[in-house]
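To begin, one chain is listed below as structure tokens, in the form predicted alone.
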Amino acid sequence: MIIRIDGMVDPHVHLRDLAWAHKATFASETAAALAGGYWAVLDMPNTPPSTVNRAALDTKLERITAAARCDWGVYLGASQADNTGEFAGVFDDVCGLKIFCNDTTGDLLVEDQCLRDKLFAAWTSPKPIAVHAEGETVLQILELVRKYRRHTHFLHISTAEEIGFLRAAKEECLPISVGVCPHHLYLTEDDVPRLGGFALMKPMLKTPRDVAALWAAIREGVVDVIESDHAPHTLDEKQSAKPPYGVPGLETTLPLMLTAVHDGRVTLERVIDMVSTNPRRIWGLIAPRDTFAVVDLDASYEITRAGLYSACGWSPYEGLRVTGRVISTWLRGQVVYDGEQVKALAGAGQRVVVQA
């Protein structure tokens, strides 16, 4: 069966470029997004130079405007050095604020709860605060949500415990949303010996019990968004003695979720909500007219390195058979991916429009 999915958005990607252009570029990774069926992606701030001030933001905006093939938005990053003085001057140019509350790639870790409180107080924009929060840190962030009532999106939730915290917060009607990544749904810590460095990401892979809890939360509607946390690194880096954290996912997220539909783990309606309807609602995004992905729900194939558009050229799901393929992606009435080739030129993407 052939279906159409309007305006898919991945609100959690690390496109690289800038000082990490050797890993990937805005042009290569937005091409991967189009091949994955996405209309737009929202880029995280921890690629150096970290997007924590007006100057760094302007550098990123100039580069991504010239290179992006799909539509895009960028986050401002919270800084350990307290960059709240930068907030008012960037509200119009970013899609939200990102706070790294637990250890991750880069130098933006904010562990001081007093500083987090100051960040929440200063973020007066209606655009979401996106947080990397794990374990008990989730409860610390929920204290700030309760205090300031800022909409907060909890990224890449990975454990049964965290789901329990957030389910209770939703029952309390706190203004939150929850994201989960495919690698925390399809892989567990048991896969680390097999995959080696290709299984390293933050948060780390968890237990089969945690995976089961995530799938249950998806079916119950506790999870709002499926996000890739697309984070490419080169093959040499991932095969080194100290591989960096992160895996690519823009081209495999939708096929993996459609495979779950085929296998009866989740409904098609829920998947469309999580990759399209909910991200646009949460971030207040308006998709252009005639912007959609066309998908063959019955196409079955094996994920291989061949044909991947991401510059890293590998996937942790190599060898996995999936059911569901993007056969074309349309942007503003034009075919930008025809099932085999990305047609969009560098610079064809535009900054996302946010509803007032």
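Don't overthink the numbering: it's just position in the shown sequence, from 1. Quantities reported herein were computed from a predicted structural model and do not represent experimental measurements.
Although it is not shown, the form predicted in complex with a small molecule is what the next lines describe.
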Contact test, all of Asp10, Arg150 and His153, partner the small molecule in the predicted bound form, heavy atom 4.5 Å: no
Candidate stretches 80 to 88, 163 to 171, 223 to 231, 282 to 290 - the one whose heavy atoms come within 4.5 Å of the small molecule in the predicted bound form: 223 to 231
The small molecule: the contacting residue among Arg270, Arg116, Lys127, His132 in the predicted bound form [heavy atom, 4.5 Å]: His132
In the predicted bound form, the residue from Thr159, Asn278, Thr104, Ser177 that sits within 4.5 Å of the small molecule by heavy atoms: Thr104
Any non-hydrogen atom of Lys202 within 4.5 angstroms of the small molecule in the predicted bound form: yes
Any non-hydrogen atom of Asn46 within 4.5 angstroms of the small molecule in the predicted bound form: yes
is_contact(Gly246, the small molecule) in the predicted bound form, heavy atom dist at most 4.5 Å: yes
